[in-house]
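Only one chain is given next, in structure tokens, and it is the form predicted alone.
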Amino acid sequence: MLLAASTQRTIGLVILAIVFIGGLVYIYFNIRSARDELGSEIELAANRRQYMDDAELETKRLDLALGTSLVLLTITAVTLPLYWLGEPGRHEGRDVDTSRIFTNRGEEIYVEGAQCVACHGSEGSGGAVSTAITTEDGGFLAQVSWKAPALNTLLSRFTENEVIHTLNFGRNGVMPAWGGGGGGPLTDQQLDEIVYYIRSIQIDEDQINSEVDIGIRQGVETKLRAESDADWATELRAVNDAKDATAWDVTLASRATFGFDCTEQTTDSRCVADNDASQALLAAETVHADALESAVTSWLADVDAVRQSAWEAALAADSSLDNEGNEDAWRFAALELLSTAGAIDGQELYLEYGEILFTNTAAAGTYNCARCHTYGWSFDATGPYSLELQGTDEPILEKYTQGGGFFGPNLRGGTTLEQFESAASHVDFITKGQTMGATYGRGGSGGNGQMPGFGPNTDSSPVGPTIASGDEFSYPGLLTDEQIDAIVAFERNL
């Protein structure tokens, strides 16, 4: 259609040029053939040269006039339908061009104007921002590095109207209000332009799955390195502890001496020791890489075996579950078993897997629940050396209370069981997320829609001047059904 629009424009310009040049030629020869005015038409009429009579006019002269008129009518009859046929292409071309302009302007705002890139990373890949957190009474607590989630999957989690709402009014006291509705500096059109840019950077399902899987394996690795009794794990813990100790010496030195930093040229004994410890840890990780990889794969296979046993137990209790059309019923019957304490051997292992998904570190926590439902997760409150609590060296938290509530509500103490009568309704909520103005579960408030959905998202009300009635955009889910089920089982056992 764009090609058609370009062709019709070219034809129109050619015809316009022909008409314009023809008009100039006509005026030129008309002026050349005219005689100077000598006086009153009444006085001079008799002296004028007599014009051609009817016999002469109605021969070649008339044929020429009629032929010219026919040519012009033919051109009109052909070009008008062609112009009309090209109208959809011109509309599409306008939309494509407007979309390009809005996207470019949105990128400029993201990078230079509002500088969203400083927190959310290049092309929305996720990042961090230094910010101060306070006590309940407003006193300074610590300067922390706050994880800002990736935006390249944002439209899988929220509708564009929900994104506009967050841009207008901010989020959780860290994300500021940017739109005029919340007192920010950006106009409604500029917010639309940001949405167009965000729309352009969304990643595909394969990349999403890859990032989630990497985060899962990293979570399992961390768990095994901390808890395994294998010789390789024991050695890695010892070497890692040595690295932490030398890193702490460097931290203390940098606090005591402003500007102290370890570089390749630094000969300070603390820096040398820290570099040696880093090299030793790298060497140990290289030596034991295969053993760690094998242990992770084996651990995940054990989780799959627990899941499979739950499916088999559900089928044993109700043989009709494997009938065609009962796939969802079978899935949720198995999930009820996995969510019920003592119902399935190996449930604890499955719940540990659910916790790893709940706290997935990939893309600054984009795919997890902890960044909203666990206080301190977004700024590493248990980090050993990254925080100073009112001038001391102690971390803010000794350990996280997973699901204890923060920006999102408390999930502990059976609250999810009270809110969601069944595992199936719980899964449905996590899959779809919270819709603005709509209740959920047993009377859950509709609120502002800031609980994201982790399943596929179809946005039937996208924003912007290029959107026509009925336009929809579809985006892949962040988590698979199996992954959402594990999170649900974990939450229902908090």
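Note that the coordinates shown come from a computational prediction; the quantities given were computed from them, not determined experimentally. Numbers for residues come from their place in the sequence shown, where the first is 1.
Another form, the form predicted in complex with a small molecule, is not on view; read the next lines as being about it.
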| item | value |
| --- | --- |
| Contact check for V212, V220 and Q402 against the small molecule in the predicted complex, heavy atom at 4.5 Å | no |
| The small molecule contact in the predicted complex: N172, any heavy atom under 4.5 Å | yes |
| Close approach of W330 to the small molecule in the predicted complex, 4.5 Å, heavy atom | no |
| The small molecule contact in the predicted complex: K243, any heavy atom under 4.5 Å | no |
| F158, heavy atom within 4.5 angstroms of the small molecule in the predicted complex | yes |
| Proximity to the small molecule in the predicted complex, single hit among G182, G89, G346, G408 (heavy atom within 4.5 Å) | G408 |
| L154, L292, L321, C271 - the one with a heavy atom within 4.5 Å of the small molecule in the predicted complex | L154 |
| Candidate stretches 365 to 373, 278 to 286, 308 to 316, 254 to 262 - the one whose heavy atoms come within 4.5 Å of the small molecule in the predicted complex | 365 to 373 |
